[in-house]
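Given next, in structure tokens, is a single chain: the form predicted alone.
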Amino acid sequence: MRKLRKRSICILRNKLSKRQLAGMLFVLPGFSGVLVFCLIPFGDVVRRSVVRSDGSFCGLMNYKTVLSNEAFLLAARNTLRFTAVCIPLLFVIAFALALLLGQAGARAKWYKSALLVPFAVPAASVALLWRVLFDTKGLINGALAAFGRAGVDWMNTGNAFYVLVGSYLWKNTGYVVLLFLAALAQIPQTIYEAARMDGAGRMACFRYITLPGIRCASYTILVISLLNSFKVFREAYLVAGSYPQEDIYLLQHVFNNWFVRMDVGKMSAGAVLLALVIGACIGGLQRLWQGKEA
């Protein structure tokens, strides 16, 4: 009996080891790409952040230089403000549209197909659209002049920030709506039917069924939206150049200008600081979501 038990345990271990080996072989190509193109280069960035241009060790000098740089502090404030405004707006607008389209059923088929069009538009085309709309002689100022209103210098005043916010929302809302629709589709309709039979109204179903049902997807959507908020730099750079109006001077502008001057030490230190902040934000969101689930 003992021999039979030992033999069965050995067979089970062999099966588990084969499954683990198969899993490791499955993820090996992808992990190799991440290792070669992301982790090893980032390790070199960390090394460069604590050395001078001649390769000698300088400790935290580059970090002190970056944190005392006025351009970096301005860009950090603008990036934080942009993220704090855009992500809640994107989350609320996309979720509301997803609820409306989810209730529309088959009638919303064409709307769902059109949602990804802004996300697929190249950055150069978006920049051209900006120029056509928001130039001092653009379409919007032309419409204002037709109604006897004075034109607005959109890209050289504080209005540039709201133009940037609008561009981010326009480009990312459709993609996030589709993610919310996929999450809502995973909630079984039988749960809603059972709740209605027990006398639950719309608000009760929304609070106790819909919101808990999209909790896991919400975390993923927030992380994706946070990362996509750093990609709006392309449109801002193509429209306003390396030194735009100060309200839309973002961290990517700083890194781009440091790269042109080959300030590798400052670039590396700034990149490490940015990675730490983004990692802390994602870790905080994860802890918050895990706490809600508990």
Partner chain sequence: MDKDGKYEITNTGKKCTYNGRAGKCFGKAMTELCLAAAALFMVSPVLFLVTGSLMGDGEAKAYLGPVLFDAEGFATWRLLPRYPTLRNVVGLLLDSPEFFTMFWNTMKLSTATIVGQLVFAVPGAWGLARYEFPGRKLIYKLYVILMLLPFQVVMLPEYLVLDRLGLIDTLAAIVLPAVFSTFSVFLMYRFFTEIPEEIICAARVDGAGELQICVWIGLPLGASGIFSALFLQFLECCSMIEQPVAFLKEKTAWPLALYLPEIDASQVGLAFTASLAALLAPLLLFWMGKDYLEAGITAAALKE
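Between two forms, the rigid core is the largest collection of C-alphas that superpose within 1.5 Å. Positions refer to the first chain, counted from 1. Keep in mind that what you see is a predicted model, and the values were worked out from it rather than measured.
Beyond what is shown, the protein has a form predicted together with its partner chain; the following relates to that form.
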item	value
Answer option from 92, 120, 194, 80, heavy atom within 4.5 Å of its partner chain in the model of the complex	120
Listed residue that, although its partner chain is not shown, lies within 4.5 Å of it in the model of the complex (heavy atoms), from 73, 185, 211, 84	185
is_contact(residue 231, its partner chain) in the model of the complex, heavy atom dist at most 4.5 Å	yes
Residue 44 within 4.5 Å of its partner chain in the model of the complex, heavy atoms	yes
Contact of residue 175 with its partner chain in the model of the complex (heavy atom, 4.5 Å)	yes
Residue contact check: residue 268 to its partner chain in the model of the complex, 4.5 Å heavy atom	yes
Every residue of 34, 99 and 278 near its partner chain in the model of the complex, heavy atom within 4.5 Å	yes
Within 112-144, the residues that have a heavy atom no more than 4.5 Å from its partner chain in the model of the complex	112, 113, 114, 115, 116, 117, 118, 119, 120, 121, 122, 123, 124, 125, 126, 128, 129, 131, 132, 135, 136, 137, 138, 139, 141, 142
Residue 196 C-alpha shift between the shown form and the other one of 2 Å or more, rigid core reference	no
Rigid core superposition, residue 29 Cα moves 2 angstroms or more between the shown form and the other one	yes
Exceeds or equals 2 Å, Cα of residue 124 between the shown form and the other one, core fit	no
